[in-house]
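Only one chain is included here, represented as structure tokens and corresponding to the form predicted alone.
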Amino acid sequence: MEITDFFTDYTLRTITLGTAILGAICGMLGSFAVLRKQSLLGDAISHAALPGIALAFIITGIKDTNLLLIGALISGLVGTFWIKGIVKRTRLKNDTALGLILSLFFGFGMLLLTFIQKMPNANQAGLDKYLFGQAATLVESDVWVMAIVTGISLMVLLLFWKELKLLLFDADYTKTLGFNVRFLDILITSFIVLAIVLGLQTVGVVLMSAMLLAPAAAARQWTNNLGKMIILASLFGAFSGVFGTAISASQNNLSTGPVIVLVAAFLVVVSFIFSPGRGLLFREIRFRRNRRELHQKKTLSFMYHIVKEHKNISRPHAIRILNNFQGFTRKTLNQLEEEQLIAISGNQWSMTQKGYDQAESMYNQFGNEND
């Protein structure tokens, strides 16, 4: 596969544009699911959409993509509002309701698929592709639908930006300001359902939740700003779609949907490790630096208590007298010497004026804080 294939090959171009747009809308709307701590919602909705696909085929008898996705949308919305109803009207918590609806709808959907396979209708073949997706079935009209839904979603976010931002971080305060919290909740949830339904054809029921959450989870590691997070999540999602499609197209027998999810998961791992604010690597670096600085300050403070008893602060002292100090290490001593806080000569050390002044400043500051 060459770069020019994206411009000359209709199928590859269509799939690439479709997966890029799908990744962008999933990243954008998935940010709200992640920040609202509704990570399992995407999984429940995608599984709840399966019986809608099956019922749409049973009722119409034809395998029309638009009709099947409309059935999935209706089923997904029903499942979503059942979850909210269970949480509101019973003592069950959100995660329990999510797991219950997920299992119930997915089990019912698999039962319907089994029933369809035994029907005397040749059109039933291929419905199981919605379990894991088949990006190769995307056509130009599907891409246009995705683009239109993405544009509408973006306009809705911009129109209700202030209200949705308040809802994310303080729903009670949003309600006291007079905003319709229930309407806002239904609005953002409905668009999340719509995004998931759009991705079923490409990624499938089983993997769609990862497509919704992975770009947002990766973006969350890089920023605390909601606007920047949504932009980053959209870019990560689009990149996953394009790069996953490219990898899939370059090799035989590689399903596009799973590869896209794996690319998104790789971005999550990279973000967890290398992001400056929350990354494990930089966290470990900060921890080691803080521990080193703490050892330096404790050692310098111990030395200060020895030196201040003498009129001449530069008087040499044997290094062995530090052995009784628990925080002392030879490495810490060398670091203090590098910063010109002490001077070492053979087996003796002496404090410089700079070190004495810094230790005295720390001591006075600590004393003032205790006062």
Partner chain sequence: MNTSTTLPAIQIDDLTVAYDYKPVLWDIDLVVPEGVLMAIVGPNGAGKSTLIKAILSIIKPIAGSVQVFGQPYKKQVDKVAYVPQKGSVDWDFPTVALDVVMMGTYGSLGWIKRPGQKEKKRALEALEKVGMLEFKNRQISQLSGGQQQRIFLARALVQNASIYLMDEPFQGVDATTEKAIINILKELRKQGKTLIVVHHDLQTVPEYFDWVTFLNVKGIASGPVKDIFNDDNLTKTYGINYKVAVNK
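Numbering follows the first chain given and starts at 1. If you're wondering where the values come from, they're calculated on a predicted model, not measured in any experiment.
Although it is not shown, the form predicted in complex with its partner chain is what the next lines describe.
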Taking 4.5 Å between heavy atoms as the contact cutoff, choose which of T96, T137, Q251, N225 touches its partner chain in the model of the complex. N225
Would you mind picking the one in R220, K84, K129, H295 that has a heavy atom within 4.5 Å of its partner chain in the model of the complex? R220
With heavy atoms only and a cut-off of 4.5 Å, decide whether H305 touches its partner chain in the model of the complex. no
Quick one: does R289 come within 4.5 Å of its partner chain in the model of the complex, counting heavy atoms only? no
Tell me, yes or no, whether L177 is in contact with its partner chain in the model of the complex, where a contact means a heavy atom of each within 4.5 Å. yes
For F243, is any heavy atom within 4.5 Å of its partner chain in the model of the complex, or not? no
Sort through 232-240, 261-269, 153-161, 201-209 and report the only stretch with a non-hydrogen atom within 4.5 Å of its partner chain in the model of the complex. 153-161
Who in 163-190 is close to its partner chain in the model of the complex, meaning a heavy atom within 4.5 Å? E163, K165, L166, L168, F169, D170, D172, Y173, K175, T176, L177, G178, F179, N180, F183, L184
